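Considered here are two forms of the same protein chain, supplied as structure tokens in two stand-alone entries, structure 1 and structure 2.
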Structure 1
């Protein structure tokens, strides 16, 4: 199985646009939207949900009022000020846990002398297995202000791999999250190829360099695509030189085009929507990426 993960230093560089186009150009592929904090691949592919499951991770403390003796031990030991103290109508203190502040460490549960604090597993979001016009897709939705996005990414990725195996597919394409944090590490570790999508700006170059360092530490083969290369030709040249110095292949340059926006409005990938020059450039990027995937598979064999 080949696994391509498309990532970027920040959001809005066009990685989802490329993933949707690659899905249309590839044959027998499974898709995974690993950008669980802000998933948007579904906007272009209109998935039909076949399976949905809750995502449970971490714990939140809950004080049972009937058993609480208001001793205050939980408040004494809580280091994140998650214990809320109110007053009942008679003026007596009542203790409860602020679920937003609680970090699920379990200290209050351990020290409560009455055993009056429950510690249930938290439901942080949902994950889905869907069918799209380009094939099966695994995606997810993390709840607002919820943590453990790296764990959810791993779940999405593993489920997508299972589908690849069960259906005898040969390719998994993942729309990865931006940045270099835990969700990105969970997305690219062990991938066949990481495609870093950047834009010709100073911040784009900086983010690209951070992406290089992360991929190098994880030992993942890397390629680069410069999106909207024509908005700053001199910076595009700088990025090309940086990639050359690092021996990282630049698989293509994609121009700025309103056709990309029009395709999004039509809920289509660019290569489905038009045969314009920008679509041809994306096709060339895919051919280069696919060639690298095939070469890597032959090397591993």
Structure 2
């Protein structure tokens, strides 16, 4: 099985646009939206949800007021300032846990002399298995202000892999999150190929370098695609050169085109929406990426 993960150091470079187009071009594919914090792929693929599950992970502390003697031990031990102390007009304190700040370390729960702190498992979001016109899709929604996005990403990927396996498919295409932190690490570890989508901007170049470093540390094969290459041709050249020096293949340049937004508004991928040059360029990128995936699979075999 091949697993392609499309990421970008910086958000908004056209990752989801490409994933939706690849989904339309590839056959027998399962899709995974690993951008669990700001998922957008469903807007283009209009999934029909078949299965819906809560995502439970970690715990959150909760102080039972009836048993609390206001000793303050929890506040002394909490390192993330999650213990709130509200005082009434006479200065008497009430201790409570700010569930948004609480990281669920459980130290207060253990040390509370009164055993006054409950520690229920928290529901941090939801995940879904859906059908789309391009095949099955696994996606998720991390709750507002929640943690453990890495674990949710891993869950989404594993579920998608299971479907690939069950249906005897060969490919998983994942829309990855932006950045280089926890959810990105969870998305790309062990992938067959990571496609870094960038734009020819100073910040695009800067973020690309951090992306290379991460992919390198994790030992995943990488390719680059430059989106909106014509915004700054000389920066595009710089990026091409940088990639060449690192022996990272550039699988294509895609022009700036209003068709991209128009397709989005029409809830379609660019290749479904139009035959214009931008769609042609995206098709070429897909052929290159697919060839790399096939070649990689042969070497592994």
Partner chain sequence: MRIVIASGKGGTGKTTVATGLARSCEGDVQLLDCDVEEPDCHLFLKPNIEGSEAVGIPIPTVDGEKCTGHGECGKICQYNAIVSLGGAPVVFPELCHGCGGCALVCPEEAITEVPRQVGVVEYGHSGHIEFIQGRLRVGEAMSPPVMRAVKKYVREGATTIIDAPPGTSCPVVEAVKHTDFAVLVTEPTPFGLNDLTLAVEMLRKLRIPLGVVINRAGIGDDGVEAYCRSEGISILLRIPYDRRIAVAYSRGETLEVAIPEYREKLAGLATAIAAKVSS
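None of the values given here were measured: they were computed from a predicted structure. Heads up, when I say rigid core I mean the largest set of C-alphas that superpose within 1.5 Å between the two forms. Numbering follows the first chain given and starts at 1.
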Only one structure is the form predicted in complex with its partner chain, namely structure 2
Going by the rigid parts that rotate relative to each other between the two structures, point to the one of 107, 100, 143, 57 at the hinge. 57
Degrees of rotation of the smaller rigid part against the larger one between the two structures total 12
Core-fitted comparison between the two structures - CA shift at residue 115, Å: 2.9
